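Presented below, as structure tokens, is a lone chain in the form predicted alone.
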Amino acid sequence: MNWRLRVVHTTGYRYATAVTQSYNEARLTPRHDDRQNLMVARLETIPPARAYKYTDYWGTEVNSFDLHSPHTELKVIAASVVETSDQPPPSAEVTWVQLKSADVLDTYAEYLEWTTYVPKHRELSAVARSLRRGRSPQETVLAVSKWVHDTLKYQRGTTGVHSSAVDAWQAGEGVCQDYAHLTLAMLRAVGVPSRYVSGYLHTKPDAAVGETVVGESHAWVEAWTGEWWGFDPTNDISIGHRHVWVATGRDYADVSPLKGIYSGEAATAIEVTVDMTRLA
């Protein structure tokens, strides 16, 4: 199935005192690949700022902008139109022996590394090894994702933006970021190269053409088992036409939608909305 979607992601900041300088990076532009066709994308800021684009190390388009006039509010609006389709099943698969080859270990080393968000953990590694037993790499990805889905309860507020995979596992609940990090920790523990994916999820499978819904900023994983392919452990589903992918990296730190530095007090209020409209 193919959909055409308009995505409008709005982020608003309010500050207690005027900010005189701010330097920002936005990773909000959907990617273009065989499953997803980016038709148009635009970034607007209020107050207005001139942005310049570059592609970061991980292949994500970044809009960088800075403001040098005093302001007490900042709004960033990223609008795009993208055509999406269901992800086809992986057409290639390697064996466990091939995953351990020097060539694979060298090529995908960064997606096997431990990070602050995805730390090495003895108990989680043991669970991952038990799920690997008797399964191929591709089957293990699905088994681990299913285990994470069944183990965690989706609950906002328990974890935060800086919580690790272990934090979520110990709490027994979290949000999509936590589901993704926990899945990555377990896949890397058994030697499957895997990466974090950020994007959006359209929340209504039967949406009518022209209907606008409240979408979700979302996260899932991709694993390399002969080729890259994705899976959504939060919802225990394959990547489909309701998923819009924006960025990939080792973990959330590589794909943060908005980050920057500024002079002044911390923001007193942050508001984020995602509106998604099915156009076709």
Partner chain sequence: MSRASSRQLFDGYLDPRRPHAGAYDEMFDPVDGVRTAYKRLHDSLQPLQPADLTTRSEALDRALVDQGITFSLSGEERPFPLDLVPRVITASEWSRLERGVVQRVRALEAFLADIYGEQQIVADGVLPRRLITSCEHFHRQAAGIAPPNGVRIHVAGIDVVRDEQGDFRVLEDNLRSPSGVSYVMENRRTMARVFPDLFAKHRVRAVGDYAVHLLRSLRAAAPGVTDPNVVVLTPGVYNSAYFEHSLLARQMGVELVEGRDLLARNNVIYLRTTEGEQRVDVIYRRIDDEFLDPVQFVPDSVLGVAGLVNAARAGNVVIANAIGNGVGDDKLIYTYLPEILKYYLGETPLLPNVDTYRCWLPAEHAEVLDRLDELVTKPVEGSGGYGIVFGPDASPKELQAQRRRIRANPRGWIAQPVVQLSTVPTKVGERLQPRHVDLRPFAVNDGEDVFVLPGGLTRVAIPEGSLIVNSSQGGGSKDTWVLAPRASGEDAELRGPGLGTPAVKPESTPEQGPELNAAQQQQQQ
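Quick caveat: nothing in here was measured; it's all calculated off a predicted structure. Numbering follows the first chain given and starts at 1.
We do not show the form predicted together with its partner chain, though everything after this point is about it.
- Taken together, Trp58, Ser64 and Lys259 are fully in contact with its partner chain in the predicted complex: each brings a heavy atom within 4.5 Å.
- Shown alone here, Gln21 lies within 4.5 Å of its partner chain in the predicted complex, counting heavy atoms only.
- Mapping the unseen interface onto this chain, Glu110 counts among the residues with a heavy atom inside 4.5 Å of its partner chain in the predicted complex.
- Contact annotation: His241 falls outside 4.5 Å of its partner chain in the predicted complex, judged by heavy atom distances.
- Its partner chain in the predicted complex is not approached by Asp206, whose heavy atoms all lie more than 4.5 angstroms from it.
- Screening 23-31, 233-241, 36-44, 219-227 for residues having heavy atoms within 4.5 Å of its partner chain in the predicted complex returns a single hit, 23-31.
- Residues Tyr23, Glu25, Arg50, Tyr52, Tyr54 are the ones in 23-55 with at least one heavy atom within 4.5 Å of its partner chain in the predicted complex, listed in sequence order.
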